[in-house]
Structures are given as structure tokens and as C-alpha cells.
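One chain is shown next in C-alpha cells, namely the form predicted alone.
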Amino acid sequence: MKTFDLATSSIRELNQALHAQQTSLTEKEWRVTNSKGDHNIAVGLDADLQVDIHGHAGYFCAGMNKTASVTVHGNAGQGLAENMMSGVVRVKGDASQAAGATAQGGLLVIEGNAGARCGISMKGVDIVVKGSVGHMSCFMGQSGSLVVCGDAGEALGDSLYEVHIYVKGEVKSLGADCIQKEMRPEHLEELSGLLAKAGVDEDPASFKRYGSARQLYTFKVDNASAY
């Protein structure tokens, strides 16, 4: 395992070293120490790497991730795993606003709570949050799944398209065009698979499903007041 100490080297040097593995994979496992909330840690990875960040991470950690597995052994700041394409990003603590924003694939697991706009404009990623999520989560979500084992804040799923949302706890309010839907056998199967992939021990039958009412896909003057 390669150890990279951010107390003696820069974020740029770390990311350059990780990016070099894309053309010549010589070190698969990386341990990053003394992160101290630095921004842009392990961004743009495109190799089969395992990166463990020991400490808190700042803004945009593991952004644009492709293939790699990144674990933050602490909390993460705004924009965690933004625009992730594939791979796995896991946070042992809490995540700030806009976790998984615009992400197009892969799995994002937050073992604590997530702030506002978790999964905003998500486009295929699967997000599993063991705690609760803040307001406007899954705003304009297009595809993928959001699993919340705790509670959800105001305006969940506002203006969403086809994201599958599963919440175990209470939902403070639903956003425009988001409704509660029937939990059919295929949804229980999907949720069971997501919980298993995330390593979360919960009963799928205890969740409720939410999705789009499909009334705001295109602008209709009759719905103007709902926008």
C-alpha cells in the first residue's frame, strides 16, 4: 500500500500521482493521511484503485470518479462524488450539501447524514444514506436510486424525472410532482439489492417508495402554478 501524507505534499501532487496510475498501474491501494478538510482530494480518477482518506475531506472529494473505490474515514464537504461516472465512494461520517450531484453511475454510500440537495440532478448513480437527508434532495433527479434509512427534509424529489426514491423514516414534505407510490415486488427486490451492495442491514419492507407523477416533464400552461 502506498501512503501519501498531505502534511508534506500538495493536493496537486496527490492527484497527479493517482492519475498516473491510469496509464501504468503500479500501486492499487493508496492511504492518504492528514487530509484536514482539504478540497478536491482524489478527483478525476480513472483506474481500478482503492483510496482510503484518513481524516475529513473538503469540497468535491472524489468528483468525476470513474472505476476507483474511494473511502473517506471522516466527514466530507460539499459536492462529494459530483458527476461520478462509476466505482464506489463511501463516507464513514456525514456529507455536506449536494452529495452525488449530477452523478451518472456507480454507488455512493453515506454512513452518516447528508445535507441539502443530496442527489440533485442525479443521472444514474445509486445513493444509499444510512442517516437522514436535507431539504430538496433528489431535486430534478433523472435516473438512478436514492435510499434513505432515516428521514427526508422538505421538498423531497422536487421536479424529478425517473429516480426511484426509498425512505424508511418520515418525509417532511414532497416537492412538486413527487408522489408516494406502491411498493411492488420488483421494487422490494431492487431495494434489497441496493442495501446489500451498500452493506446496510435494513428490512426493505419497512421503506416507502416515492417517484414522479409525470405531470411536469414538459411545460403545460395548466400546470404553471406548480413550477
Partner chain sequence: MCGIVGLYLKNDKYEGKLGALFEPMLVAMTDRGPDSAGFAIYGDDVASDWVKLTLRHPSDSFDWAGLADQLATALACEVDWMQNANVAVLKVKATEISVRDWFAENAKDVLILSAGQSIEILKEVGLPENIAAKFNLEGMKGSHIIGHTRMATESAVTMEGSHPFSTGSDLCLVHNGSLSNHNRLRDKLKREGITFETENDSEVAAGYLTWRLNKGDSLKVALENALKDLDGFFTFTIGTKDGFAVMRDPIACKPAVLAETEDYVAMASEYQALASLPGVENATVWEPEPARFYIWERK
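Positions refer to the first chain, counted from 1. These numbers were taken from a predicted model, which means no experiment stands behind them.
Only in words, not in the display: the form predicted in complex with its partner chain, which the text now covers.
From the list 157-165, 175-183, 31-39, 194-202, the contact stretch for its partner chain in the predicted bound form under a 4.5 Å heavy atom rule is 31-39. Looking at its partner chain in the predicted bound form, residues H56, N75 and H135 each place a heavy atom within 4.5 Å of it. Proximity to its partner chain in the predicted bound form, defined as a heavy atom within 4.5 Å, singles out one entry of K130, K123, R117, R90, which is R117.
Only one of the listed residues (Q97, T71, Q104, Q142) places a non-hydrogen atom within 4.5 angstroms of its partner chain in the predicted bound form, and that residue is Q97.
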